[in-house]
Every structure is written in structure tokens, then in C-alpha cells.
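Here we start with a single chain on its own, the form predicted alone, put down as C-alpha cells.
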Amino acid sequence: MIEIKNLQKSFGSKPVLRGVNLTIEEGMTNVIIGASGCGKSVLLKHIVGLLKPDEGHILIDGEDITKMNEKEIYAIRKKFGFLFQSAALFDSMTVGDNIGIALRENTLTPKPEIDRIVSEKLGLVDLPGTENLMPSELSGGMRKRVGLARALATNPQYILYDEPTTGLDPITSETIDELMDTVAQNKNLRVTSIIVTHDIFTVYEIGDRVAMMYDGIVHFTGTPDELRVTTDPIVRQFLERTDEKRAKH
């Protein structure tokens, strides 16, 4: 479980997080929504210790990472897999080398075992046999899948997704949603998913819990069904604008 308590962060004179309180439920698919600039990605970076808060606490399995030094945070970070918005693949490496990089750099895993894990994870994301391709040979959706395979390579306890369907067409976006759901439901992986997204369809399709950020705080928490029926005017305005944008495209 991850507990976020009164998290505050400013950049210069601009406050971005103004007192975020949120509990990430273990074993659940937790979706964080909100307009651009409301602090979603900044919150994600705090959870993995890439940013230090000005105030507040983040407890990961009972350990407060805001009080840790860099070495201690690095150890906690091994519990996480991270799928970046752009997939962030290394263009000079093959697909297989991209997926196995954390195992090569941070563990003593022998090469044959790394090769087996790479093959296994590529199968999990429906890209078997693509180890020797280069990122330049992949479509946007395929790059996201490789990024997910890399995030899964170390068998993390938590997977963080930063705008996983941004820039993808609706059909590919739906495929990525299905893939995230498959990962979340896999009893062997037993992961807790945290998804930052603008895509309300992701919330309704695969979310167990949803938190909406507004003006640097968590304004709403509940289930996707509770989100659908809430009469909160700020939430309703966000949902209606999202629907309008989707209709235009």
C-alpha cells in the first residue's frame, strides 16, 4: 500500500501540489485523472522519489521515502516499474536489450536467464520474437508495449503508467487498455497499478479506484461508477469537456 499525506511541492513561486492526500490500494488498478497542469505527473515522480516534497509524507509499505537518503530510495525504487509517456526506449539498443537493461545493470542475473525473461515478457505484451528489432522499426503502440515489457522485467510490486495512451489512435489506445488490464489481472504478477491519464475510457474500462486532481489537491476519490454519477460541478465539468474533445476526434 502507498499512503500520501499532505504532500506539497512548489517550483519557484508556483505551487503545484497543495496538500495531496491519497491512498493507493494494494492489488488495485488506481487511476489518477485531471486537467493538464493539475500536478498528476509531478505526483507520480514523488511516488518513486524522483522529486522531494516541500512538505508531507509518502509511505510505501509503511516506509516513509521522504525521510530516506538516495541509497535507501534506490532500494525502494526496485519495487516499481515505470512506463513513460513516450515509452523512453533507447534508440541505439535492440528491443531485447531495452527490456533487459535493468537486469543487466542492477542484478547478477546470467545472460541466458535474462534472455528467457525478455522472451517471457515480450510474450506477455503480444510481441513474441521481436527481440532483435530496433525501436525505429516499431509503431507507437508497439513502442508502448516494449516499454511495458521493460517495466515488467524485474517483476515489480507496483507499475506506474504516465499517460500510456497519449498520442495513440482510439483502436491502439483500447489495445493498450486491454494490455494494462491483462497485467493487472495476472495472478502470477500480483501488481498494483497506478495510471495517470487524460483518457476517461481508461478509467471506465479498467479502473478499480479513481482519484481526480484539481488545483493541486485530490478533489474526488471513488469507484468509476461513483465518478459516472457524481453531481460535483468540478468533476462534471471535467468529464463533459473530456467527452467534447473525444467527440471532436
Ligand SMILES: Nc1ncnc2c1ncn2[C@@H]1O[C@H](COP(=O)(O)OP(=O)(O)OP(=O)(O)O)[C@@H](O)[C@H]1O
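A residue's number is simply how far along the shown sequence it sits, counting from 1. These numbers were taken from a predicted model, which means no experiment stands behind them.
Omitted from view is the form predicted in complex with the named molecule, to which the following refers.
The stretch in contact with the named molecule in the predicted bound form, judged by heavy atoms within 4.5 Å, is 33-41, chosen from 182-190, 58-66, 33-41, 201-209.
Under a 4.5 angstroms non-hydrogen atom cutoff, the named molecule in the predicted bound form lacks residue 174 among its neighbouring residues. Not displayed here, the named molecule is kept clear of residue 97 by more than 4.5 Å at the level of heavy atoms in the predicted bound form. Although the partner is absent from this view, residue 14 contacts the named molecule in the predicted bound form, with a non-hydrogen atom inside 4.5 angstroms. Using a 4.5 Å cutoff between non-hydrogen atoms, residue 163 counts as a contact of the named molecule in the predicted bound form. Of the candidates 157, 154, 85, 119, 85 is the one whose heavy atoms come within 4.5 Å of the named molecule in the predicted bound form; the others do not.
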